[in-house]
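Form predicted on its own, single chain, as structure tokens, below.
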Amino acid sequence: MELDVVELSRLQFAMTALYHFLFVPLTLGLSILVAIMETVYVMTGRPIWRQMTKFWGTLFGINFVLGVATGITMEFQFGMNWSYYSHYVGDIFGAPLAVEGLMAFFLEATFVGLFFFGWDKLSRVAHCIVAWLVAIGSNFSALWILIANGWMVNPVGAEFNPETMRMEMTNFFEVVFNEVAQAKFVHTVSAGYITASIFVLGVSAWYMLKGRHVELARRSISVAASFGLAASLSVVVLGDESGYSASHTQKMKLAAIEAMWETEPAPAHFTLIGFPDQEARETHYAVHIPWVMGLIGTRSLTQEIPGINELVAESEARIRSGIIAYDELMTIRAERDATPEEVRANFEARSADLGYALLLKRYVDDPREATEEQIKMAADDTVPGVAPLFWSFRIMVGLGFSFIALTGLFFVLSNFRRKSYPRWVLRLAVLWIPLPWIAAEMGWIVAEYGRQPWTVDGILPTALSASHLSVGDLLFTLAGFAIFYTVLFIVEMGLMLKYIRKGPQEDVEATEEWMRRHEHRLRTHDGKGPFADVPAE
């Protein structure tokens, strides 16, 4: 397998995934905010809340459509660019994606149509239920996708079958309730709620600065500030849970995030800032905060967090064990039913290390023929890029605390200062609009780049997962995706800016008139037509 093909396949998937994730957080959060606004409208009957629901719902719809378009191309890549991955683990990875399509996406896609076209057909309560079903469907989609992604990090509920040479599911519920998947889900959706809250705050602040749609903007700020503050605080707690989970499911990633080259005495310190040097395996000008990493990673004062050098040594030992498992596997394939039980038992005892032997495939066709130097090189490959992980994590965390400060400030002004917002605060909210997307992208870099060199951690190396394509094929599709996604990005930005500038589609007086007509249609049989008489007040 040519390394260039693997790297180009990774680049293409990274580009499409990061681009798709520009839409996902806003969809997750805005669907909930819109449902909350419509709930207030149903409870109070005040037309301004219907106006808010329709306006923010329009922006949600634009984002939702383009998010679906970019998400579909990602799924095709599993078969096109990562065919061996699909063959090797498709029985497990495909199941959550199938459930997502059959349950969550169909639910979401069905009711999103009713949301936009059912205003004149449904009662207020029924339409509110539809809004919540859209929100639930959006979040369910994220759940099943993250179950699949979480399995790639912590491959539970499955085992390798030497007869079929594939991973096979043994327990569906272990896959669903995988601790990594659940931690990823709550952390990701909370990040989406922050993204939508900052977006609503920023757009509403822009209206306030322009003196337009002030009543809509004030109420939107109140909802977004409260919802965003709760989400921002929850992300800190849920991020801590992800860190604790990584301490026993992704030890190497955790050490790389901290640029922790050597095992530190418990409790380990947290490196606030520094400049990791992967070649020299040291961090220059590091500033440490005592105890913090030990508390986050182990929730104790006595348990150590292994450093990178220790984990590389462990990987080398597992590679050597995996070579023996590979040799036994080749015997099983050759002997089939005549394989001695001793060989099968020996393979079963070492099968967990088989994936480590496959790391040698990058250097030699048969891992059993690997030299000592190649074994050490494969062990070193288990260390992901430290500097990108180190800085991505700190950018994400730093921005996360800024969101707490911003939403907290607006929460105080909304609830204790009679919604009086200084202009500098409004300008700050507008400037902050793109930052949640930067934080979200940094989070995905930490999640996916930190898993390297594995597609499925400890099971299948990335270098073996790609399809046998030519460099020319990949360059052509990469250029095509780049052009296509650039066009979609221009369309998305154009439509969003157009409808933000345009503002709500109708004023409060028009909304009140619509409510009067709509209530009359629902109460009377002769009010079904668009030209039915409306009784005078």
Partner chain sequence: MILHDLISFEVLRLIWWALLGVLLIGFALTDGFDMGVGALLPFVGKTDVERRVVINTIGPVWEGNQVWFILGGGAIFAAWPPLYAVSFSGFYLAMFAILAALILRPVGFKYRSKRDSAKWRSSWDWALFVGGAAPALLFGVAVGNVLLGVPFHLTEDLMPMYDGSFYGKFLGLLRPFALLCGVVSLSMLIMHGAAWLSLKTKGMVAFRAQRIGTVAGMVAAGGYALAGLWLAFGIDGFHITSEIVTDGPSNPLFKEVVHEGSWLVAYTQRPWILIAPVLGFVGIFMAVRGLREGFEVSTFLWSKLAILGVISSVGLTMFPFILPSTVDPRSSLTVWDSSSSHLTLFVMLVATVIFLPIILAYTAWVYKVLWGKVTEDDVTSSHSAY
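Because the structure is predicted, anything quoted here is derived from the model rather than measured. Positions refer to the first chain, counted from 1.
The same protein has a further form, the form predicted in complex with its partner chain, not shown here; the description that follows concerns it.
The partner is not drawn, yet in the model of the complex one stretch among 105-113, 227-235, 400-408, 376-384 has residues with heavy atoms inside 4.5 Å of its partner chain: 105-113. The candidate site formed by 117, 467 and 477 is fully in contact with its partner chain in the model of the complex, as each residue has a non-hydrogen atom within 4.5 angstroms of it. Taking non-hydrogen atoms only, residue 45 never approaches its partner chain to within 4.5 angstroms in the model of the complex. None of the heavy atoms of residue 424 is located within 4.5 Å of its partner chain in the model of the complex.
Put simply, residue 165 is close to its partner chain in the model of the complex: some heavy atom of it is within 4.5 Å.
Contact annotation for residue 81: at least one heavy atom lies within 4.5 Å of its partner chain in the model of the complex.
Interface residue among 340, 290, 94, 434, judged by heavy atoms within 4.5 Å of its partner chain in the model of the complex: 94.
Of the candidates 284, 121, 344, 212, 121 is the one whose heavy atoms come within 4.5 Å of its partner chain in the model of the complex; the others do not.
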